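Single chain ahead, by itself, as C-alpha cells, in the form predicted alone.
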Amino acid sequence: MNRRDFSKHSLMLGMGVLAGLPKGSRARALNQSMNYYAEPVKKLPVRKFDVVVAGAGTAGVVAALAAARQGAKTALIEVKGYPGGTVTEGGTALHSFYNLWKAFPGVKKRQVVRGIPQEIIDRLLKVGGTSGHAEMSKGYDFDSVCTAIDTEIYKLVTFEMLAEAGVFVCVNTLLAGAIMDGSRVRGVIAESRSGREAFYAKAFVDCTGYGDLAAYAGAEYTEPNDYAVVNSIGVGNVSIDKYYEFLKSHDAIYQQAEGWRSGKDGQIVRIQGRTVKLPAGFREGARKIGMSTVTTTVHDNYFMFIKLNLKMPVSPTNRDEVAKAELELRRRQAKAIELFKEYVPGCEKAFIARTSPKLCIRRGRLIKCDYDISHEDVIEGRHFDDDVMAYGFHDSAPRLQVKDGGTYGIPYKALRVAGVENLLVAGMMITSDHRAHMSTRNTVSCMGQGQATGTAAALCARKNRGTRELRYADLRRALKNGGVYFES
C-alpha cells in the first residue's frame, strides 16, 4: 500500500495548535547532524471565515458558491490564477447532466444534475460559451448528451459568479498546511506573494483533486496510481466539418452530437472516430502518443481539446517524476499537431492554441471516507438514505452502464473524511474501486458533489456542528431549495 503519513504536528502557532507537515521531514529536521534547515517559528496573520474551500476546480467552484449562498462567510483558495480545474484544463465535454436514456428504449429522459451546475450552463449559454445539452446522434450508448464548453469563457463566468456570491477568492495562492486541534481542523496555512497566512474556519471542504488538505489534516489515504495523466491541447486553424468527413470517409465515426456552434444550432459539436479504421500512419502515431480521436467544440475553426495520455510509473504526487511527464506530454502535443497536419484535411495549418499550465490527473490521493462507494452501488443503481445527488453516467460505457438507464446516489457519508470532525471532500478523491471511480470522478458528478459539500459545510458552520452531527433532513431540505434533483 502506497501511503504517506501526514503529521498534524509541525508549525507552532499562538495557542499550541500545529500545522501539518510530513512526519518524516519533521523528525529529520530535528536531527541537527544532518543537512536540514530548522525553519524558525513565526506568527502568521489570521483571517477568519465560516467555511474554507481548498481548490477552485470543478467541485470547488460549486462548493464555494453553495456555501456562500447559505450565508456562510466563505474563502476559496486556488493555486492557479482562475477557477475551473479539470473542466478548463481538460477542455472535454461535461459528463453528464442526464441519465443514459437513449441507450435504453422506453426509459424516461431525466436531467438528474441541476442546481448550481445547471446555472453555470445557463450563464454560458447567454454568452456563447457552450453547445448546450446537445443530444448524441451516434455513440449514445456512451452518453445521451454532449455539453461542450468554451474553456476560457467558463473561467470568466465562474469567476464572476463567485464574486457575485461574495466569496473571498484567493487565486495564485498555495495551500501549505493544516492547523489541527485534535481531530478537528482549526485552520489552513496559505501562502502567496502577499505572504504566509492562517485561515481559520468552522468547516472545510477539500476540492484540490490531490487531497492536499485531507493529507495535511492527517487523514488516511492511499495513492493507487491507476490512471494515465494528461495534458490536453486546444487546436486552432482547423475544420471540424472536414474532420468529420475524414472520419466518415474511413467509416470510422463512433460518436457524434449536434448543437450550438459559432451561433448556429444543429452543428457538429462532438466527434470521435474508431482509430482501428483510420490510416495506419495516423493510427500508429496516435497510439505512440496516447492520443484519442475525440474532440468537442463550440467554434467553427477550433478543436476544444485533443487528449494526450501518459501512464506514469508512480503517483502524480511525485514532483520529480511529474517533471519528466510534463516534458514528455509537451513532446506528444507537438507530435499530435504533426499528425493532424499530415493526415486530416482542413488541418494543414493547425497549431496549438491552448495547453494546461500543468498536467491533469484523474486521481491523486484516495481519501478514506465514512463510506466507500462500490462498483455494485453504481451499476445496480443503488440509492441511500442520505443521498445528496443522483448521477447516471459511466465513463466505461457501453461496457459498464448504470442499470436500465437509471441513476445511483452519492451518499453524504461518502464525502465525510474518516477520522476528521469538520472536513468534507468532493471530486476525484473518493471511491476506491476503479470501476466505480470511472463514474464518480466525472465532471458533472464532481460539480454535484461540490454543491452537496459546500451546502453541508455552511450548515455545519451555522449550527457549530461537526460533519457527522449535521441532521440529514436539514441538508436535504437545503439542497432541494438549491435546485438539487433527487430520484425519490
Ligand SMILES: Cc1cc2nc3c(=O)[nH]c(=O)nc-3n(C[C@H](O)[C@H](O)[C@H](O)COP(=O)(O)OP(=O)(O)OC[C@H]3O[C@@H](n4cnc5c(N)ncnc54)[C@H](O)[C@@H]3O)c2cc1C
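Start at 1 and count along the sequence shown; that's the residue number. Here the structure is a predicted model, which means the values were calculated and not measured.
Quick note: we don't show the form predicted together with the ligand, though the next part is all about it.
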All three of Val52, Gly454 and Gly482 touching the ligand in the predicted complex at 4.5 Å, heavy atom to heavy atom? no
With heavy atoms only and a cut-off of 4.5 Å, decide whether Thr208 touches the ligand in the predicted complex. yes
Is it the case that Gly57, even though its partner is missing from this view, gets within 4.5 Å of the ligand in the predicted complex, heavy atoms only? yes
Residue contact check: Ala353 to the ligand in the predicted complex, 4.5 Å heavy atom: no
For Thr86, is any heavy atom within 4.5 Å of the ligand in the predicted complex, or not? yes
Pick from Arg362, Arg261, His394, Arg186: which residue has any heavy atom within 4.5 angstroms of the ligand in the predicted complex? Arg362
Only one of Val417, Val167, Leu94, Ala72 has a non-hydrogen atom within 4.5 angstroms of the ligand in the predicted complex; which is it? Leu94
The chain here is shown without the ligand. Which stretch in 335-343, 170-178, 403-411, 245-253 comes within 4.5 angstroms of it in the predicted complex, by heavy atom distance? 170-178
Quick one: name the residues from 295-325 with any non-hydrogen atom within 4.5 angstroms of the ligand in the predicted complex. Lys307
